[in-house]
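First comes one chain, alone, set out as structure tokens in the form predicted on its own.
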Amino acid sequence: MASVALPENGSLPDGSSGKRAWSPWQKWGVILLAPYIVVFLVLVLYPVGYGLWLARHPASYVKLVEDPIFGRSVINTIAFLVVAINIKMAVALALSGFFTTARTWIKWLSVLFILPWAVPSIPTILSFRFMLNPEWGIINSLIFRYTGLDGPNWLNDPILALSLAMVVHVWKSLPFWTLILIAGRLAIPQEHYEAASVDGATRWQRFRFITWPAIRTLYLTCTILSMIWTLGDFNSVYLLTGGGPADLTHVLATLGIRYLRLDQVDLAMAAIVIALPGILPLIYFMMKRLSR
């Protein structure tokens, strides 16, 4: 078979070039993606890259580890993750069963229940801080009015202050995870529960053999995702205790803010980067479970 030679300018015999022209949909796709790409480069990629560049010196990590506040912050972070997240997810699982009950007053109650998550974090957490003030806070005022005793100094005891920060964190984020688990429960076919009721299954047996197998993956995924978000959450601790007293309630997220206030940017970036070995395995495990 004889081969056809193309002209020297690379065009086809009909005068068109060999390159495929973009369709209007492809052009619009590029136009609509361009703002997102610019925002991603400016607000995500550049800050992350610059932060890693600032934290590149090994001496910063040596200085960070030698700081006694860092060791206490690591312990506080682990305690926050283990205690607060497990309590939050267990309560969310129980409440998701309560709010799926078909009663009118429960539906109205669910509207009030979602308010802590819907309102902004800063004014709500600062309100808790004002209420816990030992001198003129409403909680100690009520204690003195009805008992004649002075209330505790809530935020000046490290263990008590960190525990209250956990309570605020659970109170603020509990409605969101409850809604996620409610959606998981509502996706279970009602016929399964009807068949179990006919067979005489108890409420616990219906949960064990129907509800939990259906939402187990969702529950574990939400737990891991909550751990990732909590590692980067500084509002609950910073707005309530400010890291005090004596910098004993800091977690890794607030420790970076402390170093920034002390104009130690390298230590602030190192405190953030050092949390990555804990975050990356959680992300990998979560994506692996989702891929199943």
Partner chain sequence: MSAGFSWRKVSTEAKLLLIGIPVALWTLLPIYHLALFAISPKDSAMSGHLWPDHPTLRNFVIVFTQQHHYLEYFWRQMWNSLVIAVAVGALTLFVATGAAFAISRLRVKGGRAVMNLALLTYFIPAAFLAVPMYKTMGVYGLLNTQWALILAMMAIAAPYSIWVLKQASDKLPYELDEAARIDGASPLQLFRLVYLPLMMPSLVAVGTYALLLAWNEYLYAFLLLSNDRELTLGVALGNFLAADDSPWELLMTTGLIYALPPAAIYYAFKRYMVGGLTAGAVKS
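In this text, rigid core is short for the largest set of C-alphas that superpose within 1.5 Å between two forms. Residue numbers count along the first chain shown, from 1. It should be emphasised that the depicted structure is a prediction, and the values quoted were computed from it without experimental measurement.
The form predicted together with the partner chain exists for this protein as well; it is not shown, and the discussion that follows is about that form.
With a 4.5 Å cutoff on heavy atoms, Ile75 does not count as touching the partner chain in the predicted bound form; it lies far away. Put simply, Pro123 is close to the partner chain in the predicted bound form: some heavy atom of it is within 4.5 Å. Using a 4.5 angstroms threshold between heavy atoms, Phe98 counts as touching the partner chain in the predicted bound form. Residue contact check for Val167: one or more of its heavy atoms lie within 4.5 Å of the partner chain in the predicted bound form. The stretch among 67-75, 140-148, 155-163, 189-197 whose residues place heavy atoms within 4.5 Å of the partner chain in the predicted bound form is 140-148. Checked against the partner chain in the predicted bound form, the residues Leu262, Ala246, Val62, Val42 give one hit for a heavy atom within 4.5 Å, which is Val42. Residues of 239-275 placing a heavy atom within 4.5 Å of the partner chain in the predicted bound form, in sequence order: Leu239, Leu252, Ala253, Gly256, Ile257, Leu260, Arg261, Val265, Ala268, Met269, Ile272, Ala275.
Residue displacement note: Pro35 has its CA displaced by at least 2 Å between this form and the one not shown (rigid core superposed).
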